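The data below hold one chain only, encoded as C-alpha coordinates and taken in the form predicted alone.
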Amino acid sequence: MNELVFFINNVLISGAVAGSIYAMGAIGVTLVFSIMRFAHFAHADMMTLGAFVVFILTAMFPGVGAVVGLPTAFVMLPLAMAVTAVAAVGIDKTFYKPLREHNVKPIVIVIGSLGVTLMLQGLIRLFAGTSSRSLYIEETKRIFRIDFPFSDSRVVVTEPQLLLFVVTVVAVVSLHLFLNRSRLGKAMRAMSDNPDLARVSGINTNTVIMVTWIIAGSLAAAAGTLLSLDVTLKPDLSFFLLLPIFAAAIVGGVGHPYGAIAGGFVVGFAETLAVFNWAVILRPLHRAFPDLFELPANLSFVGTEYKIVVPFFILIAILVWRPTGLFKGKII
(Lines give C-alpha, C1' and ligand atoms only; values in the text may rest on other atoms or scores of the structure.)
Protein backbone atom coordinates (compact mmCIF):
# COMPACT_ATOMS: atom_id res chain seq x y z
CA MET A 1 0.00 0.00 0.00
CA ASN A 2 2.96 2.32 0.40
CA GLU A 3 3.38 2.27 -3.36
CA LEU A 4 -0.26 3.32 -3.80
CA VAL A 5 0.23 6.22 -1.40
CA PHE A 6 3.36 7.22 -3.34
CA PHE A 7 1.29 7.17 -6.54
CA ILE A 8 -1.45 9.29 -4.97
CA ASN A 9 1.02 11.90 -3.71
CA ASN A 10 3.13 12.12 -6.86
CA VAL A 11 0.57 11.59 -9.62
CA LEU A 12 -2.98 12.21 -8.48
CA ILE A 13 -2.35 15.24 -6.29
CA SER A 14 0.48 16.70 -8.39
CA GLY A 15 -1.46 16.10 -11.61
CA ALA A 16 -4.58 17.71 -10.18
CA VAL A 17 -2.56 20.75 -9.08
CA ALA A 18 -0.92 21.18 -12.50
CA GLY A 19 -4.21 20.49 -14.27
CA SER A 20 -6.06 23.10 -12.21
CA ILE A 21 -3.44 25.77 -12.99
CA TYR A 22 -3.38 24.93 -16.69
CA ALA A 23 -7.19 24.80 -16.86
CA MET A 24 -7.64 28.28 -15.36
CA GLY A 25 -4.99 29.66 -17.67
CA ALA A 26 -6.40 27.91 -20.72
CA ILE A 27 -9.91 29.24 -20.03
CA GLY A 28 -8.59 32.79 -20.31
CA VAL A 29 -6.68 32.02 -23.50
CA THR A 30 -9.63 30.32 -25.16
CA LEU A 31 -12.11 33.06 -24.13
CA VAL A 32 -9.87 35.75 -25.63
CA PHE A 33 -9.50 33.70 -28.81
CA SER A 34 -13.21 33.00 -29.14
CA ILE A 35 -14.21 36.65 -28.73
CA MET A 36 -11.29 38.51 -30.36
CA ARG A 37 -9.85 35.80 -32.62
CA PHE A 38 -6.21 35.97 -31.66
CA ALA A 39 -3.80 33.98 -29.47
CA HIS A 40 -2.90 36.11 -26.48
CA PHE A 41 0.70 35.24 -25.66
CA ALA A 42 0.86 37.72 -22.80
CA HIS A 43 -1.68 35.73 -20.77
CA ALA A 44 0.93 33.89 -18.71
CA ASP A 45 2.58 37.21 -17.86
CA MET A 46 -0.74 38.44 -16.50
CA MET A 47 -0.57 35.44 -14.17
CA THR A 48 2.85 36.58 -13.01
CA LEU A 49 1.61 40.16 -12.68
CA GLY A 50 -1.32 39.07 -10.53
CA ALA A 51 0.93 37.04 -8.26
CA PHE A 52 3.28 40.01 -7.78
CA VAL A 53 0.31 42.25 -6.93
CA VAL A 54 -0.60 39.72 -4.24
CA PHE A 55 3.00 39.76 -2.99
CA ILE A 56 2.97 43.56 -2.67
CA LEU A 57 -0.37 43.55 -0.84
CA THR A 58 0.80 40.73 1.44
CA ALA A 59 3.97 42.67 2.30
CA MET A 60 1.90 45.76 3.10
CA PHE A 61 -0.63 43.91 5.30
CA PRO A 62 1.12 40.74 6.53
CA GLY A 63 -1.16 40.06 9.49
CA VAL A 64 -4.54 40.13 7.75
CA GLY A 65 -4.64 36.39 7.12
CA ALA A 66 -4.34 35.51 10.82
CA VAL A 67 -7.64 37.27 11.48
CA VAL A 68 -9.61 34.85 9.27
CA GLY A 69 -7.34 31.80 9.57
CA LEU A 70 -6.22 31.80 5.95
CA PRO A 71 -2.93 32.73 4.24
CA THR A 72 -2.69 36.50 3.86
CA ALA A 73 -1.86 36.08 0.18
CA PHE A 74 -5.12 34.19 -0.36
CA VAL A 75 -7.09 36.89 1.48
CA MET A 76 -5.50 39.50 -0.79
CA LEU A 77 -6.33 37.49 -3.92
CA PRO A 78 -9.68 39.21 -4.71
CA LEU A 79 -7.95 42.61 -4.70
CA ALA A 80 -5.20 41.28 -6.96
CA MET A 81 -7.80 39.79 -9.30
CA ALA A 82 -9.47 43.20 -9.56
CA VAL A 83 -6.14 44.96 -10.19
CA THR A 84 -5.13 42.41 -12.83
CA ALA A 85 -8.53 42.64 -14.51
CA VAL A 86 -8.17 46.43 -14.71
CA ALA A 87 -4.64 45.97 -16.11
CA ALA A 88 -5.96 43.52 -18.72
CA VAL A 89 -8.66 45.96 -19.81
CA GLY A 90 -6.06 48.75 -19.91
CA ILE A 91 -3.71 46.66 -22.05
CA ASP A 92 -6.54 45.94 -24.46
CA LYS A 93 -7.55 49.60 -24.79
CA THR A 94 -3.91 50.71 -25.18
CA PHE A 95 -2.52 48.05 -27.52
CA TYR A 96 -5.13 45.74 -29.00
CA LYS A 97 -8.16 47.96 -29.54
CA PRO A 98 -6.31 50.39 -31.88
CA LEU A 99 -5.21 47.40 -33.95
CA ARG A 100 -8.78 46.07 -34.13
CA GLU A 101 -10.08 49.48 -35.19
CA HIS A 102 -7.65 49.44 -38.10
CA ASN A 103 -8.96 45.99 -39.11
CA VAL A 104 -5.49 44.45 -39.11
CA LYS A 105 -5.11 40.72 -39.61
CA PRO A 106 -5.12 38.53 -36.47
CA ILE A 107 -1.44 37.66 -36.93
CA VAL A 108 -0.59 41.35 -36.41
CA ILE A 109 -2.41 41.34 -33.06
CA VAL A 110 -0.62 38.08 -32.12
CA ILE A 111 2.72 39.77 -32.79
CA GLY A 112 1.48 42.72 -30.75
CA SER A 113 0.75 40.34 -27.85
CA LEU A 114 4.35 39.11 -28.07
CA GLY A 115 5.43 42.72 -27.66
CA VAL A 116 3.15 43.07 -24.63
CA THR A 117 4.71 39.88 -23.22
CA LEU A 118 8.20 41.35 -23.43
CA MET A 119 6.99 44.63 -21.99
CA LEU A 120 5.33 42.98 -18.97
CA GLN A 121 8.34 40.76 -18.32
CA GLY A 122 10.63 43.79 -18.45
CA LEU A 123 8.44 45.81 -16.08
CA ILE A 124 8.15 42.94 -13.59
CA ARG A 125 11.92 42.44 -13.56
CA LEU A 126 12.52 46.20 -13.33
CA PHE A 127 10.39 46.68 -10.22
CA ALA A 128 10.58 43.23 -8.58
CA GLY A 129 14.08 42.04 -9.50
CA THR A 130 14.93 38.52 -10.58
CA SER A 131 15.04 36.61 -7.28
CA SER A 132 12.46 34.11 -6.08
CA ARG A 133 10.07 35.02 -3.29
CA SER A 134 7.64 33.29 -0.97
CA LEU A 135 4.10 34.55 -0.55
CA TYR A 136 4.25 33.30 3.06
CA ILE A 137 5.94 36.38 4.53
CA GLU A 138 5.04 36.13 8.23
CA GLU A 139 3.29 32.76 8.10
CA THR A 140 4.19 29.15 7.48
CA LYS A 141 2.64 26.87 4.92
CA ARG A 142 0.41 24.27 6.54
CA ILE A 143 0.92 20.71 5.41
CA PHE A 144 -1.69 18.04 6.10
CA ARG A 145 -0.64 14.40 6.49
CA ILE A 146 -3.56 12.01 6.21
CA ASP A 147 -3.30 8.41 7.40
CA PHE A 148 -3.96 5.81 4.71
CA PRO A 149 -5.47 2.40 5.63
CA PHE A 150 -3.04 -0.54 5.74
CA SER A 151 -0.05 1.69 5.03
CA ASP A 152 2.76 3.30 6.99
CA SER A 153 2.85 6.19 4.55
CA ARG A 154 0.54 9.17 4.54
CA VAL A 155 -1.18 11.17 1.87
CA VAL A 156 0.37 14.64 1.92
CA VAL A 157 -1.50 17.70 0.73
CA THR A 158 -0.65 21.33 1.39
CA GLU A 159 -2.96 24.18 2.30
CA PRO A 160 -2.41 26.02 -1.05
CA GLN A 161 -3.29 22.84 -2.93
CA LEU A 162 -6.61 22.52 -1.09
CA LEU A 163 -7.35 26.19 -1.75
CA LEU A 164 -6.47 25.68 -5.42
CA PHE A 165 -8.92 22.77 -5.77
CA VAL A 166 -11.72 24.79 -4.13
CA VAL A 167 -11.06 27.89 -6.26
CA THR A 168 -10.93 25.81 -9.45
CA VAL A 169 -14.29 24.18 -8.75
CA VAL A 170 -15.87 27.53 -7.86
CA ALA A 171 -14.41 29.17 -10.98
CA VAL A 172 -15.60 26.41 -13.32
CA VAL A 173 -19.13 26.33 -11.88
CA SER A 174 -19.36 30.13 -11.88
CA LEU A 175 -18.18 30.33 -15.49
CA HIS A 176 -20.69 27.69 -16.55
CA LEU A 177 -23.57 29.54 -14.87
CA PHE A 178 -22.39 32.87 -16.29
CA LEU A 179 -22.15 31.63 -19.87
CA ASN A 180 -25.45 29.77 -19.82
CA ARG A 181 -27.69 31.70 -17.45
CA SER A 182 -26.70 35.37 -17.65
CA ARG A 183 -27.66 37.75 -20.45
CA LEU A 184 -24.06 38.92 -20.80
CA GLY A 185 -22.81 35.34 -21.00
CA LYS A 186 -25.28 34.59 -23.79
CA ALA A 187 -24.10 37.77 -25.54
CA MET A 188 -20.54 36.45 -25.34
CA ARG A 189 -21.62 33.17 -26.90
CA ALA A 190 -23.47 35.03 -29.66
CA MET A 191 -20.46 37.22 -30.40
CA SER A 192 -18.13 34.22 -30.47
CA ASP A 193 -20.42 32.53 -33.01
CA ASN A 194 -20.77 35.51 -35.32
CA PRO A 195 -19.36 38.93 -34.30
CA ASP A 196 -20.99 40.81 -37.19
CA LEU A 197 -24.43 39.31 -36.56
CA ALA A 198 -24.08 40.02 -32.84
CA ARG A 199 -23.22 43.65 -33.60
CA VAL A 200 -26.22 44.25 -35.89
CA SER A 201 -28.43 42.48 -33.35
CA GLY A 202 -27.75 45.24 -30.86
CA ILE A 203 -25.18 43.51 -28.67
CA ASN A 204 -22.66 45.95 -27.23
CA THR A 205 -19.48 44.26 -28.43
CA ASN A 206 -17.24 46.66 -26.50
CA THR A 207 -18.88 45.55 -23.25
CA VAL A 208 -18.48 41.90 -24.21
CA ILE A 209 -14.78 42.45 -24.94
CA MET A 210 -14.28 44.25 -21.64
CA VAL A 211 -16.00 41.47 -19.67
CA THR A 212 -13.87 38.90 -21.49
CA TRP A 213 -10.69 40.66 -20.34
CA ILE A 214 -12.05 40.96 -16.80
CA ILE A 215 -12.68 37.20 -16.63
CA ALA A 216 -9.35 36.35 -18.26
CA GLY A 217 -7.39 38.73 -16.02
CA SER A 218 -9.13 37.55 -12.85
CA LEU A 219 -8.52 33.88 -13.59
CA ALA A 220 -4.91 34.63 -14.54
CA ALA A 221 -4.29 36.34 -11.20
CA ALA A 222 -5.93 33.46 -9.31
CA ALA A 223 -3.90 30.80 -11.12
CA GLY A 224 -0.59 32.65 -10.75
CA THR A 225 -1.16 33.36 -7.06
CA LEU A 226 -2.27 29.86 -6.10
CA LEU A 227 0.68 28.34 -7.94
CA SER A 228 3.09 30.76 -6.27
CA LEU A 229 1.60 29.92 -2.88
CA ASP A 230 2.39 26.25 -3.42
CA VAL A 231 5.89 26.75 -4.82
CA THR A 232 7.66 30.10 -5.09
CA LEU A 233 7.02 33.34 -6.93
CA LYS A 234 9.51 33.93 -9.73
CA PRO A 235 9.61 36.60 -12.44
CA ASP A 236 10.00 33.88 -15.08
CA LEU A 237 6.88 32.06 -13.86
CA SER A 238 5.18 32.70 -17.21
CA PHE A 239 7.96 31.01 -19.18
CA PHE A 240 7.09 27.62 -17.64
CA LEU A 241 3.32 28.14 -17.95
CA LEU A 242 2.74 29.63 -21.39
CA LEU A 243 3.44 26.57 -23.52
CA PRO A 244 1.46 24.03 -21.41
CA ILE A 245 -1.47 26.46 -21.21
CA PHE A 246 -1.60 26.88 -24.98
CA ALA A 247 -1.23 23.13 -25.42
CA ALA A 248 -4.16 22.62 -23.03
CA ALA A 249 -6.33 25.11 -24.93
CA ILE A 250 -5.57 23.42 -28.27
CA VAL A 251 -5.93 19.87 -26.93
CA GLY A 252 -9.35 20.70 -25.49
CA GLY A 253 -10.47 22.51 -28.63
CA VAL A 254 -9.64 26.15 -29.31
CA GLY A 255 -12.51 28.44 -28.42
CA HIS A 256 -14.24 25.89 -26.19
CA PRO A 257 -14.08 26.79 -22.45
CA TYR A 258 -15.04 23.31 -21.28
CA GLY A 259 -12.44 21.88 -23.64
CA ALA A 260 -9.87 24.16 -22.03
CA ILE A 261 -10.70 22.68 -18.64
CA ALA A 262 -10.41 19.13 -19.95
CA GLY A 263 -7.24 19.98 -21.87
CA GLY A 264 -5.69 21.46 -18.75
CA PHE A 265 -6.16 18.28 -16.77
CA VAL A 266 -5.05 16.08 -19.68
CA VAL A 267 -1.80 18.03 -19.97
CA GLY A 268 -1.31 18.20 -16.19
CA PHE A 269 -1.73 14.46 -15.63
CA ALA A 270 0.29 13.62 -18.75
CA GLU A 271 3.23 15.60 -17.35
CA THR A 272 3.13 13.92 -13.96
CA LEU A 273 2.65 10.43 -15.42
CA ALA A 274 5.56 10.96 -17.81
CA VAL A 275 8.06 11.87 -15.08
CA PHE A 276 6.71 9.44 -12.46
CA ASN A 277 9.10 6.71 -11.36
CA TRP A 278 7.15 3.57 -12.29
CA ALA A 279 9.80 1.37 -10.66
CA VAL A 280 8.14 2.14 -7.32
CA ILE A 281 4.85 0.61 -8.52
CA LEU A 282 6.59 -2.42 -10.09
CA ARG A 283 8.79 -3.10 -7.05
CA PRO A 284 6.33 -5.49 -5.30
CA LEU A 285 6.00 -7.49 -8.53
CA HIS A 286 9.77 -7.65 -8.81
CA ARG A 287 10.09 -8.90 -5.23
CA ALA A 288 7.61 -11.71 -6.04
CA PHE A 289 9.39 -12.65 -9.27
CA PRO A 290 13.02 -11.57 -8.84
CA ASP A 291 14.25 -13.54 -11.85
CA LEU A 292 11.54 -12.31 -14.18
CA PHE A 293 13.18 -9.01 -15.07
CA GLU A 294 15.77 -6.55 -13.89
CA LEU A 295 14.12 -3.50 -12.41
CA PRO A 296 16.08 -0.23 -12.78
CA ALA A 297 16.16 2.25 -9.92
CA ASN A 298 14.46 4.92 -12.02
CA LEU A 299 11.85 3.97 -14.61
CA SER A 300 10.19 7.11 -15.91
CA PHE A 301 9.19 7.89 -19.50
CA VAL A 302 11.19 11.13 -19.55
CA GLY A 303 13.45 12.93 -17.14
CA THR A 304 12.16 15.90 -15.17
CA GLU A 305 14.26 18.25 -17.30
CA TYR A 306 12.27 17.18 -20.38
CA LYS A 307 8.90 17.58 -18.72
CA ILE A 308 8.11 20.69 -20.77
CA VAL A 309 8.05 18.70 -24.03
CA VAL A 310 5.34 16.31 -22.80
CA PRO A 311 2.40 18.63 -23.57
CA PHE A 312 3.51 18.82 -27.19
CA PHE A 313 3.61 15.05 -27.58
CA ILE A 314 0.07 14.96 -26.22
CA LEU A 315 -0.86 17.89 -28.45
CA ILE A 316 0.41 16.19 -31.61
CA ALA A 317 -1.11 12.83 -30.73
CA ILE A 318 -4.56 14.29 -30.05
CA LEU A 319 -4.51 16.57 -33.09
CA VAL A 320 -3.59 13.64 -35.34
CA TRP A 321 -6.45 11.63 -33.86
CA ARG A 322 -8.89 14.55 -33.55
CA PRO A 323 -7.76 17.72 -35.39
CA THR A 324 -10.37 19.91 -33.72
CA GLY A 325 -9.38 18.85 -30.20
CA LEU A 326 -11.19 16.77 -27.60
CA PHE A 327 -14.28 18.99 -27.62
CA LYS A 328 -14.35 19.68 -31.37
CA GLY A 329 -12.88 23.15 -31.14
CA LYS A 330 -15.53 25.63 -31.78
CA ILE A 331 -16.43 29.10 -30.75
CA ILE A 332 -18.47 29.16 -27.52
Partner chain sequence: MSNMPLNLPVRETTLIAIVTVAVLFIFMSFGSAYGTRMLVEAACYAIIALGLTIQWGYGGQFNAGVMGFVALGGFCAMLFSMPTNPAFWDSELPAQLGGVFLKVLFGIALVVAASQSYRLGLSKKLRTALTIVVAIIVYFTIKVNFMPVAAAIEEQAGYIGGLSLPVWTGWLAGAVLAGFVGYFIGHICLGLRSDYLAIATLGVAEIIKAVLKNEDWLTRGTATVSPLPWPVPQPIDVGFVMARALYLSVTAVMIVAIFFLLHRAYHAPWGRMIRAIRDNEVSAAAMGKNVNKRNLEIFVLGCFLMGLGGAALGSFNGIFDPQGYIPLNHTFLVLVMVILGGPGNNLGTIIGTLVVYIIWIMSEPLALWLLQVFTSIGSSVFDWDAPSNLSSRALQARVFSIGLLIALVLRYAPKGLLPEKVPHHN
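Residue numbers count along the first chain shown, from 1. C-alpha atoms forming the largest set that superposes within 1.5 Å between two forms make up the rigid core. Not measured: the values here are computed from a predicted model.
Unshown form predicted together with the partner chain; subsequent notes refer to it.
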The partner chain contact at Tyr306 in the predicted bound form, heavy atom, 4.5 Å: yes
4.5 angstroms heavy atom contact with the partner chain in the predicted bound form for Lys234: no
The partner chain contact at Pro78 in the predicted bound form, heavy atom, 4.5 Å: no
In the predicted bound form, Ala66 touching the partner chain (heavy atom, 4.5 Å): no
Contact residue in the predicted bound form, from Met210, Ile137, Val108, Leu197 (heavy atom within 4.5 Å of the partner chain): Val108
Listed residue (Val86, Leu184, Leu118, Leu177) with a non-hydrogen atom within 4.5 angstroms of the partner chain in the predicted bound form: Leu118
Candidate site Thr158, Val169 and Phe327: all three near the partner chain in the predicted bound form by heavy atom within 4.5 Å: no
Region of this chain that lies against the partner chain in the predicted bound form, out of 118-126, 223-231, 68-76, 169-177 [heavy atom, 4.5 Å]: 118-126
In the predicted bound form, residues of 242-268 near the partner chain [heavy atom within 4.5 Å]: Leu242, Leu243, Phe246, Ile250, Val254
Shift of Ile13 between the shown form and the other one at or above 2 Å (CA, core fit): no
Rigid core superposition, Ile318 Cα moves 2 angstroms or more between the shown form and the other one: yes
